[in-house]
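Here's a solo chain for you in structure tokens, the form predicted on its own.
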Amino acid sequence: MRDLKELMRPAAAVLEPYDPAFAAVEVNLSSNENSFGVPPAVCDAMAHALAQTAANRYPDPLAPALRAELAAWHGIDPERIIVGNGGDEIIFNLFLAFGADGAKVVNCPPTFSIYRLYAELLGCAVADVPRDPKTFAIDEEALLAEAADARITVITTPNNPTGTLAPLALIERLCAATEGLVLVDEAYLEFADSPSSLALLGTLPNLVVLRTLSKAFAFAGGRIGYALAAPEIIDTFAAVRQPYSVNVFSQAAAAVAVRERAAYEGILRSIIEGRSWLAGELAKIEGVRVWPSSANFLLVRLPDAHSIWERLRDEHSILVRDFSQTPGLGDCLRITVGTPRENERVAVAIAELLGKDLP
């Protein structure tokens, strides 16, 4: 048989398997998961819903019960919502439907690496508008100019891994500046004191808003993401998606989570308070820089970050995400905000590894 690389599409042949660098540790603060988990009362309600779910039947492709709950929450018509197997599927299908070979996709690095990965896999031409290297703010005028002839422009707010917000005024200007689609990824918005761009959907026909239940709703294992957009855009998502990508159990449990969302409010407050506490403690350590964050994680720069990442894992059984080799993020680690005990443990460990004592 010929070399497999010769049989592959060129864009796929150069890819390496995705490696989140997971390790068996006591404290996992690497993937921006909700360490508090699903509230017990919601777990009980989910268990009841799952017990009523028929596993011998294929799932409804459009998840009507879950769409109805999401529509009621956001105050929009279900026809404006598509549910996917995590936000990743939504992103992939957006590029699949609208990012034909050579189509221009605008990206604002440093940001979520999946945007570039999927765009290049599908043969799109990615144009980067780098963020300010000190503040990670978006260069708004450069972005507007680059987006003018783009098929898709992606904005993440709060941005992963920097935690920075994009103002609604910029999103409005961006949608007006391009005839292409503008994807606003709001995966972490529940942790931010900022309005959602959902309020703009009625007036901006090229706006697509991405949300997820993985973070705030402690449902990362359930893989539920969803997009909100004009009905004709949603119909396009429905046309290109795999028919049964969202299984019956995830649909049933996610509908419960959305319906019982008030039960998560205390957990969200605890994470936001923990973010403030952890940022303050890390900032006390000499040589450590912490950027302000509106998400459930902190971007931290510290000396010899890769070595610190390894030693946190090997000596303290704590896993964080190493971004030290990412362009624009030299010597940076991203630390998920965990429970109070987890936050204290990582702060103490970093101080110890840097030879400092927390004040």
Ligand code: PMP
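So that there is no doubt, residue numbering starts at 1 and follows the sequence shown. Quick caveat, the model's predicted, so the values are computed rather than measured.
Below, we turn to the form predicted in complex with the named molecule, even though it does not appear here.
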query = Counting only non-hydrogen atoms, which stretch in 107 to 115, 68 to 76, 172 to 180, 278 to 286 is within 4.5 Å of the named molecule in the model of the complex?
reply = 107 to 115
task = Work out which of 229, 83, 91, 254 lies within 4.5 Å of the named molecule in the model of the complex, going by heavy atoms.
result = 91
remark   = Students should find that, of 246, 208, 187, 152, the residue having a non-hydrogen atom no more than 4.5 angstroms from the named molecule in the model of the complex is 187
query = in the model of the complex, does residue 212 have a heavy atom within 4.5 Å of the named molecule?
reply = yes
ask   = Might residue 87 be said to contact the named molecule in the model of the complex, defining contact as any heavy atom within 4.5 Å?
value = yes
inquiry  = in the model of the complex, is there a heavy atom of the named molecule that lies within 4.5 Å of any heavy atom of residue 261, even though the partner is absent here?
reply    = no
message = Since only the chain is shown here, I'm wondering whether residue 156 would be in contact with the named molecule in the model of the complex (any heavy atom pair within 4.5 Å).
response = yes
